[in-house]
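One chain comes next, on its own, written out as structure tokens in the form predicted on its own.
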């Protein structure tokens, strides 16, 4: 249960805006979806498409973009209900996931590590020598931070996260369980029929407000830096190879993959299972659709779909033609029969 325990007036105060239509002293015990909400719960309506669902909902109170006729629930009219509800979810998440402060007796903190104020280091976590760990950052149990890493303020490393040596995280970076930051890139030289490993000795620099999903791998550079720009969000099971330069506010959706030495401009989107082969540049604001693979540079603002990825309009025409192939084949056979006869 996602406990809230706030009156509607307190919710308005927390959000910082809104007009209450109903009882301002109504207590919102918790939050829920429109379909799953009960009489003591708060829900929200994103836009007009969901007005009918709101009328059918059993929620006790609803955040709405405008007054909705026929709704029995108390209403709190706000500018953007989705954003307001998200702020409440942040509050709930902080309370649900709060960790006991301090350093657990079973954690290992090497000499020379600099630990900031109000830091939490969980059971079995390891902080190697010469690490700088910023104020209020949280290392969940069994996380690992390698030598010479710099972790910013208010960062969260969930259980079993591995941050290898010489990695820099900005402020407010979140890394979910099982991810590995700073493993060796896939570098080998073929020589006399053998694969000779090329050690990767570069660094990784990750900006502020980056969130990295579960089981993500980001490889360190061979010599220089792999860079993840501020505001970028990386989904579960995604991979960023060595020497990549990822811009700001990029979205890498789950299971997407970026090969070595790729440059992604600001606000690029790679949809689920999309990929980019090595040494390409994807321009600012470009979109590569789900399961699509880019085999050549992508201009800024382009929308690419397919494998190989093409301009979306062209790919849609190709797919439309493919769907007509069976009928086209039947038509050609009929024409051939007439010619033969």
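The model shown is predicted, which means the values in this text are computed figures rather than measured ones. Residue numbers count along the first chain shown, from 1. Rigid core (definition): largest C-alpha set, two forms, superposition within 1.5 Å.
There is another form of this protein, the form predicted in complex with another copy of the chain, and it is not shown here; the text below is about that form.
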Do residue 331 and another copy of the chain share at least one heavy atom pair within 4.5 Å in the predicted complex? yes
With heavy atoms only and a cut-off of 4.5 Å, decide whether residue 137 touches another copy of the chain in the predicted complex. no
Might residue 308 be said to contact another copy of the chain in the predicted complex, defining contact as any heavy atom within 4.5 Å? yes
Taking another copy of the chain as it sits in the predicted complex, is residue 133 near enough to touch it, meaning that at least one heavy atom pair lies within 4.5 angstroms? no
Using a 4.5 Å cut on heavy atoms, which of 173, 76, 73, 234 is close to another copy of the chain in the predicted complex? 234
Counting only heavy atoms, which residues in 212-249 are within 4.5 Å of another copy of the chain in the predicted complex? 214, 215, 216, 217, 219, 220, 223, 224, 231, 233, 234, 235, 236, 237, 238, 239, 249
When the two forms are laid on each other by their rigid core, does residue 107 show a Cα shift of 2 Å or more between this form and the one not shown? no
Core-aligned C-alpha movement of residue 321 between this form and the one not shown reaching 2 Å: no
